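Just one chain follows, in the form predicted on its own, and it is written as structure tokens.
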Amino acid sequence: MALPQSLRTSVTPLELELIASEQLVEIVPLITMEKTAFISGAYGPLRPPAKCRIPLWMATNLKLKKKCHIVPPEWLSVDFLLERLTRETSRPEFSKLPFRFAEIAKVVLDVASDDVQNADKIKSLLKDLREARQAKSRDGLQKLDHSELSLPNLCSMEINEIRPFFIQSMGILTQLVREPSAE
């Protein structure tokens, strides 16, 4: 969502992708590599064709060098996303999705779309899902209550998108609701 500069007080989508790159994903290595230690932890050993769990940043690096195949998360499938889209459009609450699903899906589809079955259909479903969830977010913000806000199952990208509007709206709403002080 494009925001004016004055409202850009949140983390950027690229920064959210960087944060999400610490999530572990499964790969099928095409090379052998001993256990390797990084600041974030030790990963490996890599032994083809055994699957291994490593951070997304490492999987991306290996994939770009053609040294692994990324195994898409189970939720990055047509069946799962169709089911979630149906829930999203038929129920008032947000359906449960992984907290960083948008960022992980973008990275995996950008780097390893050849490892994902029906990648074009999945991109389309993700876009539809995002639009349905954004519509719910807008509806939820229109019904703001000065005492509390409950939007369970929002994901990090969605929280980041509504944060500037929410902060500004709650400030104005608090001023409007505040009772006049006794003089």
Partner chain sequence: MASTSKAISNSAHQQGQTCIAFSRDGKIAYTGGLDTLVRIWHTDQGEDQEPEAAYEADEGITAVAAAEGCWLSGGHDSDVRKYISGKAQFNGLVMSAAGASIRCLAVDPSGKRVAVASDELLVKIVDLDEITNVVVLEGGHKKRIRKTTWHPSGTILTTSSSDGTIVAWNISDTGAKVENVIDGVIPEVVDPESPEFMHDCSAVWHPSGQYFFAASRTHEIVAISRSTWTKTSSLSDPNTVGVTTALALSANGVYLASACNQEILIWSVQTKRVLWKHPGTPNAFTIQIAFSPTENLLAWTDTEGVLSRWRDAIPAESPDPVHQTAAGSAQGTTTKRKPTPPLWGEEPEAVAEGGDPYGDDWIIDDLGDGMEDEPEGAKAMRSGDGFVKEMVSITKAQPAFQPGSTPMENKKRYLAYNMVGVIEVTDQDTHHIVNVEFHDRSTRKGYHFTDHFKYDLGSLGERGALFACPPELDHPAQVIYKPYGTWSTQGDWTYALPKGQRVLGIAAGGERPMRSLRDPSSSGGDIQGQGNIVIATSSGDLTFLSGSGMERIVLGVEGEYVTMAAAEEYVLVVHRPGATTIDGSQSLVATLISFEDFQVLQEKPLPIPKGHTLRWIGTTDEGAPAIYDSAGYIHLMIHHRRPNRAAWARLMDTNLLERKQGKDESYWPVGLSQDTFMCLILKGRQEYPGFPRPLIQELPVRLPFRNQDPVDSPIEERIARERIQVNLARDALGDELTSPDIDKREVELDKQLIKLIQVACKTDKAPRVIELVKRLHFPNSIAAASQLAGFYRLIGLQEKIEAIKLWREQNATPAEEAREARQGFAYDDAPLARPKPFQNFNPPPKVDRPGLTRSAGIVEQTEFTASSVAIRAGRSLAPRASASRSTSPEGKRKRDDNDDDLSCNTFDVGVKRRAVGESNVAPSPKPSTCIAIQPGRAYISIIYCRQPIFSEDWARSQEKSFRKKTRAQQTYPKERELF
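Please read these numbers as outputs of a predicted model, since none were measured by experiment. Numbering follows the first chain given and starts at 1.
This next part talks about the form predicted together with its partner chain, which is not shown.
Proximity of H69 to its partner chain in the predicted complex falls within the 4.5 Å heavy atom cutoff. Among heavy atoms of P55, none comes within 4.5 Å of its partner chain in the predicted complex.
Although the partner is absent here, A135 lies well away from its partner chain in the predicted complex, with no heavy atom inside 4.5 Å. Interface membership of S124, defined by any non-hydrogen atom within 4.5 Å of its partner chain in the predicted complex, is ruled out. In the predicted complex, the residues of 14-45 lying within 4.5 Å of its partner chain by at least one heavy atom are, in order, V28, P29, L30, I31, T32.
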